[in-house]
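Just one chain follows, in the form predicted alone, and it is written as structure tokens.
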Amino acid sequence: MPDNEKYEKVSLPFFGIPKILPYVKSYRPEILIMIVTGLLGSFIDVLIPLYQRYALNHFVGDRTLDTLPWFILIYVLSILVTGVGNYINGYLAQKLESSINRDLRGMAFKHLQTLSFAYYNQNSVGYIHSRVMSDTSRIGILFSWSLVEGSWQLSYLVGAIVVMLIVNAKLALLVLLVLPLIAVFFSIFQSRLIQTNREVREINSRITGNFNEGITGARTIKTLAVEERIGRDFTDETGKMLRTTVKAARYRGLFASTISLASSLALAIVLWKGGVLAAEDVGTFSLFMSYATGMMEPVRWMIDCISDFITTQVNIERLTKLLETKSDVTDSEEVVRIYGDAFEPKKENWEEIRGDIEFKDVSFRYPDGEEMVLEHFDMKIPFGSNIAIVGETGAGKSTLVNLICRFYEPTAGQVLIDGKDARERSQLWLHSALGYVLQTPHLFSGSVRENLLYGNPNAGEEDIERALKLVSADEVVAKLEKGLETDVGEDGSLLSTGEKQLLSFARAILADPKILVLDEATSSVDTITEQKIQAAIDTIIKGRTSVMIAHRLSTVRNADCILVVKGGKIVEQGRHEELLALNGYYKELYTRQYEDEATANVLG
């Protein structure tokens, strides 16, 4: 279970249904119709034993058929009304299930887009996928088919009890003695079923995550020859799922058998005490037999339904927890009112971004960390500056970039964009002016053209060709069978890493960003392509502010300022020549890398 997903031992009232009601309130008319038709259907079903009682006492007992035509008419009308109600309920239940699934998944997916990087760092893909797909599906069933069935079953049970009390209160009370027994067993099994079903859902999330990793990491698994280990881990998780599911089924079985025993006891009471009644009033005896037998179905349904409700309670807890999760990076209400949000931007109020960046007394600690990464850091990055961030792997080079891009908020101090605190503008306002090229390139499913247009939906053919040529990606497109219309596959799987990186670079350039971020953007391409991109970078960075995270120090010699990061902190800063003259950590890194490259060239 993820660290941020902790459940209280006390169960939610009414199976957590009140927590999810705000998300389904738009379907109140359909839900009301389903309840009304369910009540109408159960009312008619409650009347059927009364029809039988009348037929036995009047037509058989009194030996007369005087009211037979009216009896047949009323009976047929009852059947027709029941049929129409069942059709309406079935149609609305199917529609409601699909609609609720669509809406909840849409809300969950949309909410995920608003969460910061911290949430994705703490939760796996499989875990999130289970929230959006599996949990919403269970909730959709609850408010559709379970609601239809429940409105009928419960109202039939209440109606049968009322009629029995009116017809023969003494015999009815004897039959109802089993209800306290049912309540006792329910209280015993509820908590165990809730806990076991929580375990089932969490194990299912881990299985989904393992399955996802087994597919996306297939190449790595094969190259490391760890199929047996991965398979064993997957088998272990599915084994845990089997054992936990069997335990849940055992609890449900014990609960069901106990309640069935109680229901059979009610029928036995009718047979025992109703013998004398049968001789005096065969119609009433038939009525009690029908109700005692008919009550068993609602009771059995309640057993399964309560178990399903308990399971769905876990789904509701987890989905509402996701929907209620607050992002570590949020816009204030005032900012949203003026500038809009990511889904409804008010671009007419957006100021043009120039590209001046300033860190003003910034201190920062990651949400899940204890140590300060930055403390009282000050730095001005004027528009048009080229800033490089260097350091060993894992040194914390991405921290400054994350703050500039507002992927994280400073713990203290301010990050100013064009002299204004970034928090005084919307996130989308800033992100729309960013061009970000990741170390590990990502392409969306679709064609090359569709991926490029993510950078600028309004780009024309000339704009696309210019961006491709600028980073030598035009050579990649020329080799593709369908050119710009070639499908790249899921995550660009049909292209090489280098080809994906070139297209990602072109996509960023096509956006014409004021602030360009290169996160070791040339580390995944070959030397010749790197040289082409490096030559293009000198042209691209003109007229914009650029921040480059670099592993190869030879690419940052011309930077206006180099920030040297070690152990998550900035230990040196200055131009290339200034840092070499310090004879400090930067020179150590540079000398070591130069020697490694020289050795590699000689051996090569």
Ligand SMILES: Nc1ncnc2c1ncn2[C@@H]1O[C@H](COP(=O)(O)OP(=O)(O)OP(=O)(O)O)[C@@H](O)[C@H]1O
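All of these numbers come straight from a predicted model, not from anything done at the bench. So that there is no doubt, residue numbering starts at 1 and follows the sequence shown. What we label the rigid core is the largest C-alpha set whose atoms superpose within 1.5 Å from one form to the other.
We do not show the form predicted together with this ligand, though everything after this point is about it.
With this ligand left out of view, the stretch that reaches within 4.5 Å of it through heavy atoms in the predicted bound form is, among 367-375, 81-89, 509-517, 344-352, 367-375. Residue-level contacts in the predicted bound form: of Asn101, Gln439, Gln414, Gln534, one residue has a heavy atom within 4.5 Å of this ligand, and it is Gln439.
Between the options Arg544, His551, Arg575, His58, the residue in contact with this ligand in the predicted bound form by a heavy atom within 4.5 angstroms is His551.
Proximity of Lys397 to this ligand in the predicted bound form: non-hydrogen atoms within 4.5 Å are present.
In the predicted bound form, none of the heavy atoms of Tyr127 sits within 4.5 Å of a heavy atom of this ligand. Contact annotation: Thr527 falls outside 4.5 Å of this ligand in the predicted bound form, judged by heavy atom distances. The closest non-hydrogen atom of Glu392 lies within 4.5 Å of this ligand in the predicted bound form.
For the stretch 106-143, the set of residues having any non-hydrogen atom within 4.5 angstroms of this ligand in the predicted bound form comprises only Asn121.
Once the rigid core is overlaid between the shown form and the other one, Gly567 counts among the residues whose Cα shifts by 2 Å or more. Annotation: Cα of Tyr585 displaced by at least 2 Å between the shown form and the other one, core superposition.
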